[in-house]
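Here's a solo chain for you in structure tokens, the form predicted on its own.
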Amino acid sequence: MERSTQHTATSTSFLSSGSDAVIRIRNLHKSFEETTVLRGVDLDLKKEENLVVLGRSGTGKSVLIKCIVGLITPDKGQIEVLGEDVLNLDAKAMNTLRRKVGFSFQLSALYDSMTIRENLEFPLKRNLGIYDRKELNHRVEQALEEVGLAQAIDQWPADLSGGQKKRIGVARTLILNPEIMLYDEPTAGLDPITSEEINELILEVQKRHGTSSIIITHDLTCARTIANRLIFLHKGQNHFDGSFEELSNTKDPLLRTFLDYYNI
């Protein structure tokens, strides 16, 4: 389904209207000084869905998911995550919500001064107050086994490849058992074989943990492999919402320019 969205004011019934969506966004706007990035974005993420967000650089994709977890405050709009009105949460409530939303950063965001073990222990200690050595060992080892890197437990981030760092970043996020996963460019900078491994990992996380995920990517191979549904942002607005098959068969000139670059 293709559409150009005309935005109107969102009704006050947003939070009580009922939906199976775990994330609902309406009329989201964000500018940085003179640059407008989001111009009224709408988004629904359904339970246990992998939703891919596509678009050219500068269309606000990464800004969008940072707004979801309160890393960026939008200028206008509404965001509901797991039934919570994000923009009206105090700091304590926001931190509680963030424990349920895993954020896999583009550059993995590992602490270079910590071993892999220490990197994974850090959120357990900080967020869950777990300091028991036996419990920490169990959780860290289990998380690393899930991403196929149990042998890396006492290595340093500098010793790992880009793909391995991505996996460790996912493991550190999964260790808190989030209900929602946000992936920012999960295959960026990786070779095709490693990218395929990361795609399979995202699918395995969805299957094993029943997570609902938003995946920001430029990689159409990634999108084709993992997406249950896609949206395409153009100039900070919704331009397309549908399946990969619908996207690949589009006659929309703007989308065709994007797809033809990747020979789709």
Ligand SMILES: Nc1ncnc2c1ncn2[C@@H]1O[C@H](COP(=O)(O)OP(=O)(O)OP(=O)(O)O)[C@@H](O)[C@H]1O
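Numbering starts at 1 and runs along the sequence shown. Note that the structure is predicted; figures quoted are calculated from it, not measured.
This next part talks about the form predicted together with this ligand, which is not shown.
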Please determine whether R56 contacts this ligand in the predicted complex, using a 4.5 Å cut-off between heavy atoms. yes
Please check if I214 has a heavy atom lying within 4.5 Å of any heavy atom of this ligand in the predicted complex. no
Indicate whether this ligand has at least one heavy atom within 4.5 Å of a heavy atom of N199 in the predicted complex. no
Could you tell me if H29 has a non-hydrogen atom within 4.5 Å of this ligand in the predicted complex? no
Heavy atoms within 4.5 Å of this ligand in the predicted complex: which of the stretches 206-214, 32-40, 191-199, 219-227 has them? 32-40
Using a 4.5 Å cut on heavy atoms, which of E80, E146, E185, E121 is close to this ligand in the predicted complex? E185
V69, V63, I231, L45: which sits within 4.5 Å of this ligand in the predicted complex by any heavy atom? V63
